[in-house]
Each structure stands twice: as structure tokens, then as C-alpha cells.
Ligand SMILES: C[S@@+](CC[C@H](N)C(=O)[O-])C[C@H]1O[C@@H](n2cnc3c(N)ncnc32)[C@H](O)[C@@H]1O
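Quick setup: one chain, the form predicted alone, written in C-alpha cells, and binding and motion questions come after.
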């Protein structure tokens, strides 16, 4: 038996902390895998907000959600906006109440998608800063990074530096990484104090 994939480990960390009925955010909806996971975990009393700049990603997310029995899922709001705008896009009363925020950086992993449309360092760092204000105490942010594609290495390095510079009074940070393969995806998770 091998180690968990980075995405499975992110789901494990969130599953242990996110409570039924809490709000959650998928900062990068992509194909909807994390959105569906959050909607299941929050349950029907919860609320999930999923962000993506690509309408194709939101359509794929909607298709994935539509295949699931609605009675089991949180209400999901899909927003065609950058993750850097999530703080402005959400109702103000949600600030400080979000149980979990997931980032799965890189590009849309779908057939025919434009691999040149990628997450960008500046918007990702702005979104991570917003995440800390949106989370409740003991809430969690997971960020899956992909240093193996063009632009992904610089973004991963910047996110890692940002997370390492967080004061312990803000939260604790872990890295889950296969260190023999520097281009492999890895996870940074932050639990807010």
C-alpha cells in the first residue's frame, strides 16, 4: 500500500475538520471534483461556493453535481470569477465562518481545454490572503500545487514562501510532498489559529 495522493490527502484533512452544515469554498472549480467533495461533506444544510474564470470549468462542475442525488449535497453556487475576488463575491456575513477552502492550482484538466490558461501567482497569493480572513478559527485551506508545468514551478515556489512566512499566531502550515520527485504535485495545508 502506497501513500495517499495529494488530492486524497487534502480530502482527508478537510473531511476531519469541515462540519456538516458549514459553508465551504472551492477556489478553483476545475472539473468539479473538489466542489462535489465539499458539497457531500457539508451536507444538505451546508453551502459551497465554487469559483473559476472559465465557463467550461463551471459547466463541467455542474455536470458532475447533476449526476449526484441532490438530497445528499449542500447548495452549490458557481461563480465565474477569479479566486482572488472571493472575499468581495461572498456575502459579508460569511467572513470568519468558512470551514474549508480548497485550491487545486494549474490548468483545467479536461479534453480540449486550453492548457495556456493557468492560475497565476499574483491572484493566487491574493486569494490565499483572503482565505485567512474568510476562515473560521480551526478552519483549513488546502492548496495542491503543480510545479511540473510551465508557470507552475514559480507559482508553487511563491505559495510555499508565502505559507512559510505566516506567523504562527495566524495558523500552522504543513507540506505533503514526494521529495524524490520535485516536479510532482504537492500539497500545502494551513489550519487557522
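Because the structure is predicted, anything quoted here is derived from the model rather than measured. Positions refer to the first chain, counted from 1.
One more form of this protein exists, namely the form predicted together with the ligand; it is left out here, but the text below deals with it.
All three of 30, 51 and 106 touching the ligand in the predicted bound form at 4.5 Å, heavy atom to heavy atom? The answer is yes; 30, 51 and 106 each reach the ligand.
Tell me, out of 156, 57, 38, 141, which residue has a non-hydrogen atom within 4.5 angstroms of the ligand in the predicted bound form. Among 156, 57, 38, 141, a heavy atom within 4.5 Å of the ligand in the predicted bound form occurs only for 57.
Looking at the partner-bound form in the predicted bound form, is residue 81 within 4.5 Å of the ligand by any heavy atom? Residue 81 belongs to the contact set for the ligand.
With the partner left out here, check for me: in the predicted bound form, does some heavy atom of residue 94 sit within 4.5 Å of the ligand? No.
Taking heavy atoms only, is residue 123 within 4.5 angstroms of the ligand in the predicted bound form? Heavy-atom contact with the ligand at 4.5 Å: present for residue 123.
Verify the contact flag for residue 118: yes if a non-hydrogen atom of it lies within 4.5 Å of a non-hydrogen atom of the ligand in the predicted bound form, no if not. Close contact exists here: in the predicted bound form, residue 118 approaches the ligand to within 4.5 Å, heavy atoms only.
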